[in-house]
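In the form predicted alone, a lone chain appears below as structure tokens.
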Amino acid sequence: MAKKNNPANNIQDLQFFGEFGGVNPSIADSSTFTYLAGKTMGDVFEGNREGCYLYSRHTNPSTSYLGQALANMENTKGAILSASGMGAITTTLLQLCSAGDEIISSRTIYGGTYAFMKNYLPKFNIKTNFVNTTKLSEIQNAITSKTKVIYCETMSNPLLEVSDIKSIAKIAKEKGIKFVVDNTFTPLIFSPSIMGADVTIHSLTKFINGTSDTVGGVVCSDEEFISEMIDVNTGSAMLLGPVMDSMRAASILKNIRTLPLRIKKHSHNALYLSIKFQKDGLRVVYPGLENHPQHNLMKKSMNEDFGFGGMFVIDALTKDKANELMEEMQERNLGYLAVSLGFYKTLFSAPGLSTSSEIPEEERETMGLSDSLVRISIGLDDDIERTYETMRECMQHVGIL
């Protein structure tokens, strides 16, 4: 019988000691590091000396600890941290692509990623073809001799479409194309590297940190690619300088220990509410519901112990009702009308007017991203039945139930 993948075990099995025996590793509050011999410094600059730190724009002990934890979680050999999720995305794509290259990307992705591909990369003569990555034929038809990267999110923002990572990885490998996956919505739930992805990216700002007090990102991949990214002469992560502070790295490392418990609770709460609201007659988008187009695909490919994720979407019928509903839910202390996700308290936003506003209106309409949709990142509510009853009262108050 094949050994079951449990990324939570990979986190738990890490053991770091502080400088004086602390149960948390010491924080390396230094920008630069000293050497006892001039030759050692030269060797480090040339990449010929392991285990020595050069400069915190490159890496330091605190970022290394967190990087190791995230690499373990994602079953990769290496990881490099960045100061934001966008820092991880942009440096990865700039490392993989040069002038004249092309990217195939999912059409439903985070608005900042879309804007970078659509509006910024053309400055460097890098073109992106946006397709529906839930349809393998669209990916295959978009491949040209210039295609260097296929990019998608395991669960798309904000429509919660689930791509067939294993099948896309097979296509990419056959064509010699790098496959990059953003796993921000589904840490622990999916393991893209095991499914064939070359690079896995997270915005650490969201579920992994979980307390909405830190911005950060990570790129997880093999040692060769991570070494390329931090090369002092040609590495995008080194030369563009998207550095994570050591204090922030230490903070996220503490929070990642509770990630398995949090993800299970987020998923439990999201499934409970989705089932309830669907029975009430609302249009609900959640991969845990049997009517979700990729429900069965996700069941076959996920690490099932962690559920279907903490994100769901409801249709409030009109833009005005969506805004009214969110204002009412905040007034009733159900959560906050705010962007982002993965907080211990519920966050809700209208993505068409916020996190996906960079996507032109006509394209949002084509993909089904209407202004009436409300994206809900459910919190860690202990009494989810009470949350449901209060949310239902809000919906009745604004007239969508």
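The numbering used is simple: start at 1 and walk along the sequence shown. Not measured: the values here are computed from a predicted model.
Missing here is the form predicted in complex with a small molecule; even so, the following discussion is about that form.
Here is the short version: of Ser221, Ser106, Ser274, Thr184, the single residue with a heavy atom within 4.5 Å of the small molecule in the predicted bound form is Thr184. This chain is displayed alone, yet in the predicted bound form one of Ser251, Ser84, Thr147, Asn303 has a heavy atom within 4.5 Å of the small molecule; that residue is Ser84. Only one segment in the set 200 to 208, 231 to 239, 287 to 295, 264 to 272 has any non-hydrogen atom within 4.5 angstroms of the small molecule in the predicted bound form, and it is 200 to 208. Using a 4.5 Å cutoff between non-hydrogen atoms, Ile89 counts as a contact of the small molecule in the predicted bound form. Although the partner is absent here, Phe190 sits far enough away that none of its heavy atoms falls within 4.5 Å of the small molecule in the predicted bound form. A residue is said to contact a partner when one of its heavy atoms sits within 4.5 Å of a partner heavy atom; Asn157 meets this definition for the small molecule in the predicted bound form. Taking the partner from the other structure, the small molecule in the predicted bound form has no heavy atom within 4.5 Å of any heavy atom of Glu74.
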